[in-house]
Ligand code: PAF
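Form predicted alone, single chain, as structure tokens, below.
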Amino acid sequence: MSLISQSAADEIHTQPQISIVGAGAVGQLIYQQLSTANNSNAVSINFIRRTETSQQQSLTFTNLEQQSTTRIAEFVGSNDWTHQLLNTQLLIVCVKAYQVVAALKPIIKLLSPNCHILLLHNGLGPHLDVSKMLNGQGLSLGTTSQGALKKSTWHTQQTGQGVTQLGHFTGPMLHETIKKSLLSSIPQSQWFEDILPMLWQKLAINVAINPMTAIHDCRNGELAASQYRNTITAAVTELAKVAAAESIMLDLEGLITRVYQVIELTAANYSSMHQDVHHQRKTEIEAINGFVVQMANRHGKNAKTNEQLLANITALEQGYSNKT
């Protein structure tokens, strides 16, 4: 039996409303892709903002061919949340992992039970907290390897193609109409009935590359050097054992091969964690190596390498936060 009422289903059929939380590089990229694919206004798309008043904002997007377009986006302020959020069928959360719970707390109570939430961030962990906050809503998770860079506050440039993997986690399923719109709008996007193995595979890449590039202040490609192999192998091996304890079986040899493929393919890039440390910002280490440590402790597993990487990045964060 469908968990969506007939009136809600009719509304979805006529004009689905998608709201985005987080107007960073990924949030603006997803907005532009949804808007471009739905230029007939078949889907209403807006941003949810934390300030009180709503406003329209001109967003510029530069694609991989260096062609720029500008769109007027609606930013819904808290004074208008009640109406807009009640009519939102899909809420896409594109903030940093450590911001997810705080961003959703004032919003989730205003969502219809028929709304579906999609978390799109690096790492794992926030989904466990969000699943406890749901009030009838369904929850999906995703990850994207698309590259995007903010040239300025309202100008985002796409810097690389990549695969976007999405899938159901808990609660009612995402309505098929909205799912089709999502997949047709985001290039190279895939839907998985069981998304967690995909996210653990992505996490294996992150636990190796992100902290190591930040600690050693280097581009991704430099991690191919032999002096880093033991640490990379140990971190990924620990992750595979912890995933197995969570009933997620991963191919360890394949994971390590994939890590080195990504190192080669993104050799000239700086990882997001490297950039965060370079600019003295809070990192997502708790949702990456920290999540492996958290799950290892839950199952009584050894994660000494991930613990050390977590401690190293935490020390770097504390070092520059104490200066301010």
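The numbering used is simple: start at 1 and walk along the sequence shown. Just so it is clear, the structure is predicted and the values come from calculations on it, not from any experiment.
Another form exists, predicted in complex with pantoate; not displayed. Remarks below refer to it.
Q: Could you work out which of N122, Q201, Q165, S181 is the residue within 4.5 angstroms of pantoate in the predicted complex, going by heavy atoms?
A: Answer to the contact question: N122.
Q: Which residue, N220, Q157, S185, Q137, has a heavy atom that falls within 4.5 Å of pantoate in the predicted complex?
A: Looking at N220, Q157, S185, Q137 one by one, just N220 meets the 4.5 Å heavy-atom criterion.
Q: Choose from 270-278, 22-30, 64-72, 43-51 the stretch whose residues reach within 4.5 Å of pantoate in the predicted complex, heavy atoms counted.
A: Flagged stretch: 270-278.
Q: So in the predicted complex, does Q89 come within 4.5 Å of pantoate, heavy atom to heavy atom?
A: Q89: no, not in contact with pantoate in the predicted complex.
Q: At the 4.5 Å heavy atom threshold, is M295 in contact with pantoate in the predicted complex?
A: No, M295 is distant from the partner.
Q: With a 4.5 Å heavy atom cut-off, would you call L111 a contact of pantoate in the predicted complex?
A: No.
Q: Is there a non-hydrogen atom of V262 within 4.5 angstroms of a non-hydrogen atom of pantoate in the predicted complex?
A: Residue-level check for V262: yes, a contact with pantoate.
Q: Only counting heavy atoms and a 4.5 Å limit, does any residue of 197-219 reach pantoate in the predicted complex, and if so which ones?
A: K202, I205, N206, I209, N210 sit within 4.5 Å of the partner.
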